[in-house]
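Structure 1 and structure 2 below are the same protein chain in two forms, each given by itself as structure tokens.
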Structure 1
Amino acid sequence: MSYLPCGTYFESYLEEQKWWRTPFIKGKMILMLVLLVALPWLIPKDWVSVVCNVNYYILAALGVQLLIGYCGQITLGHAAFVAVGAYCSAMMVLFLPWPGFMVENGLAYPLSVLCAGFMAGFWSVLFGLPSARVKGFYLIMTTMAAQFITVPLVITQYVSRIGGRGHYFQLPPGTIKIGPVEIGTDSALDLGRLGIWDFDADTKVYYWSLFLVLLCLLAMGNLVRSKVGRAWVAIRDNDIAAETMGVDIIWYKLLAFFVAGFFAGIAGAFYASSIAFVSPEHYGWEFSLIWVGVILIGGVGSIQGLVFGSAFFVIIIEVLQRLLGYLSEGFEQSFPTLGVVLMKFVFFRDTAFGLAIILFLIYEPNGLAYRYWQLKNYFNLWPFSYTGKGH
């Protein structure tokens, strides 16, 4: 918690436990919301899908943050649960005999998102069961087993055989409908007196992702400041003391796995809809690693850190890729070989990511969120920075 500006006092416990505790913070948050809603019109069109990708990373890494950052259960197989969510949602939409009115009113897909959450949650609990007995390094191995059992074996070999569409398949346009809005196609929305607004596919995906991110982050934020979240953090900090204080640690660890899996399932269901395509390749083990890296960069045990980390990672990679693209295009005419060489550097984006993690671990192990916290305190305490620390 950061220090409040001088002269801010609370007169009741209710005031103190509010989300937005001062008018200034309230203003800031409302401004942020407005900016988020207006974002597709504020940035170049081809960046909207990048922001969607940021949101996807936030959703996917949320469970990783919960498990590693809050509950102290290191997981290296989270992509498996995202995959379960994606396949569950896609297959439900495609293969279930939905009653006509549900398809027409766009209820099928939202319902499948919820089911994807539960499905991935229970799948995650299954692989969380060893956490009752093992800790640390051994748990990492069992979560990796989740990755290798789920994606290459269960999903590739068995699940994707259902329906006979092959390992990867498309979600035809029109199958993904939320209420009256079709995701994945360009369409115009008639707002009556406000006129007709054009929404291209990316913008719609953006709003869908924004909705999910806000909902999930709000739920997560509330969880970590109430009974359940405190029990998780207690298990992370000192499981023996937690048990002594009446926390059923096995139950709460499994609950953490369930909730983390639930978020992963939602992330998967979102991703499947955003690219209208499912394929095991999108859920390889490297993604499990990337999401751990994202929270390392952003800050372990911080929701803000998760957002910063996801944005940092996705945007840096995008910028690198575009830069190399432009460069190789520009030089293609004059120096044909240079362009080829530069294209090869595209593969260095993974290297850049690895380098970023190493640099962060060395120079800012608390992540971007900590830097942001320091910055906020600096302004809140200015000019009497020394009064911040009591005793």
Structure 2
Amino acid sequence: MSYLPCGTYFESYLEEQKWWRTPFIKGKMILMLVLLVALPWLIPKDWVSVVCNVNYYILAALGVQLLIGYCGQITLGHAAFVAVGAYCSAMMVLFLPWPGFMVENGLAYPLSVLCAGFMAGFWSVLFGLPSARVKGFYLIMTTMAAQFITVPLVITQYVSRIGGRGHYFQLPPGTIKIGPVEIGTDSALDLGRLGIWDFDADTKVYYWSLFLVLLCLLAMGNLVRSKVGRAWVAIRDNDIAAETMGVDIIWYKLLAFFVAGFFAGIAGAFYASSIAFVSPEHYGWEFSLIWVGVILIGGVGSIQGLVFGSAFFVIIIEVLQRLLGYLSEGFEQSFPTLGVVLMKFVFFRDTAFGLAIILFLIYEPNGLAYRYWQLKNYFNLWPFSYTGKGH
């Protein structure tokens, strides 16, 4: 209970489920928020973009955690819904004739992010409809169909060709901005002008991603503590028993797909703004597998595990990539063939990720969140922690 005084206990379910149950927890959360705000000045500048990538993986894998970890619905096509959100946001910013006051106040992009979430949510529900009749292996095939129908067919062959731009949409500088435009600019309808918060630096991208992550994690945490979250957990544990107890499993399954798709749309809209263009190559099927692996490493059914798994994957891959780059430069002169092999980082990335999943499933099947829970309990109970030795 994080240093709850002796003789003091919670008297209601509401008190038990509060975010900050004790002053000690509140102090830890305030300290963590301060560290997150100051993070760009505490780490090397070239690592700020890496942290932004961690936040993107948190947003993208959040829906996977909801479906698999809390509702028990296996998905292997989540990258399709991220792609829908990315293209929806980019197309709204580029092609929609926004009213002058919305452009002038920098409201076009934030509104496109919200619309991207709803669009991806509805698209997710469309492919979640079979969950009312099938589950397990058959549901896996349905979600895989969402991936192969959405990205290679709908987006690549039709959506990405709108406007004659080929297979990708590039977002010109100044297109993505939040807040009123700078004073002294010419036309209120000029999308090229910068707003109070434009995405011309990694630090600004980081703060925008941090805002989205905190908002989505807060929404997710409140959902799983509510009636809806308890219904999802009941369906995950035993859907027949849940239906017997009066839970409308079809409604709650479809709601889970909608919320998961909504989070995926937010992730896609953020990623499109962070790299300033969208392309089908960024939403291949391998990313759906990666996000499932992220929650396996972090811990299934845990919001903290989602954060740990995303940070673990992105940081380990970044370190591995830099190490291979350094080794390839060293071997390039003496062993040219070996240097070329080391430069093909994608093979080492996939190998390392697959090996990490295998090792975690064997030696730490509950993920990093369980190890964090054990470590936290050890320090909370120290020096009176139970040793198991009878004394």
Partner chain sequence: MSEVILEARNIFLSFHGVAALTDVSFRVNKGEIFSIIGPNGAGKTCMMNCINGLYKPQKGKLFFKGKDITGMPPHRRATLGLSRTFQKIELFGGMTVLDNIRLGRHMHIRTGLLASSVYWGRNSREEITHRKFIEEEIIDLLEIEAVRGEVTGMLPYGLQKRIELARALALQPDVILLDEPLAGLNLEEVEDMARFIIDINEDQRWKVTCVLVEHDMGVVMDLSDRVMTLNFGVKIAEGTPQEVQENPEVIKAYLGEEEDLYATRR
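Reference numbering: structure 1, starting with residue 1. Treat the numbers as computed from the prediction; the structure is a model and nothing was measured. For the two forms, the rigid core is made up of the largest set of C-alpha atoms that agree within 1.5 Å on superposition.
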> Of these two, which one is the form predicted alone?
Replying inline: 2
> Would the C-alpha of residue 375 be classed as shifted by 2 Å or more between the two structures after rigid-core alignment?
Replying inline: no
> Cα of residue 17: shift between the two structures in Å, core-fitted?
Replying inline: 2.9
